[in-house]
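Only one chain comes next, encoded as structure tokens, the form predicted on its own.
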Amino acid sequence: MPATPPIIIAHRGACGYLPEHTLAAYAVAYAMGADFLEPDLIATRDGELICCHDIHLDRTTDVAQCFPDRARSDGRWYAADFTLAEIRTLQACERFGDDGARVFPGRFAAGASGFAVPTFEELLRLVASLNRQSGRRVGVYPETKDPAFHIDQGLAIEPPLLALLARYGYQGRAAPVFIQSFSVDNLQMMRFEMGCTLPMIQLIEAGEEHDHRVTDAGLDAIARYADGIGPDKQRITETQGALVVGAHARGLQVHPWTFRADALGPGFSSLADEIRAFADHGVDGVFTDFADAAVAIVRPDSRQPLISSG
């Protein structure tokens, strides 16, 4: 394990144990020792930012049962068509796939109730309160989800995102935050047009259409506006770590995704083996659904109390 272990990014909270993007999942991930809590952000019809992985609501909530007549012509229920008040009436649940089956059938009970869809501000309040109580400095790692769609809907994500971060004290290069996006235009707009100085991460998918982002020219371009890359972890495996070396040579951090105990990468028999292998490649952070396991792997001797007892 390197002298400086990778940071632990709680992917959608502790979603290996609780429904993703819920305050309960974020709180549990915090208590597990995560360094950053990761929300995906989408906008409601009235412009509120909520924590949800998709621009649709039907895979992770009971919106189809509560509002059966509100689907668009493609048969999907879009958060952009609902007010925050309406979304607050929904129950969040474990993710379902397009076939109606649970994506991770071994996880939390699909029919459980009591989980709501939180706003981004509610997450920021939670983190601020827990940091104040514990003395820790856990950060947030928001992703702007499909920013072009939101602009087309007249619901641009960027202004409310930056305003909320500023309101809660996230300012300057040293702030405990990373703004991430798959969209180059989105990150460049915030950096160059909106004057955002906060750390940013360019996400990079697998697939040939994205290969240009990991070339020398592609990494040079990313280094002009971002502080790191968040690649599909297979890109690091396929290059035997050369991508990490190339990114570091340009001052870019590397935060691959996603590490799951119940969906290991090819060739690995345990989450511990997988994370250790990537740490040996020199990655600076890992996105994981299982923050507790990741913390135990990269910081086995850590005994820092997560919440103050007095």
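Numbers for residues come from their place in the sequence shown, where the first is 1. Note that the coordinates shown come from a computational prediction; the quantities given were computed from them, not determined experimentally.
There is also a form predicted together with a small molecule; it is not shown, and the following applies to it.
With the partner left out here, the small molecule still marks one of 143-151, 235-243, 98-106, 165-173 in the model of the complex; by a 4.5 Å heavy atom cut-off that stretch is 143-151. The putative spot formed by 182, 203 and 287 is fully lined by the small molecule in the model of the complex; each residue has a non-hydrogen atom within 4.5 angstroms of it. Proximity to the small molecule in the model of the complex, defined as a heavy atom within 4.5 Å, holds among 58, 274, 48, 40 only for 40. 257 is the sole member of 278, 257, 36, 67 with a non-hydrogen atom lying within 4.5 angstroms of the small molecule in the model of the complex.
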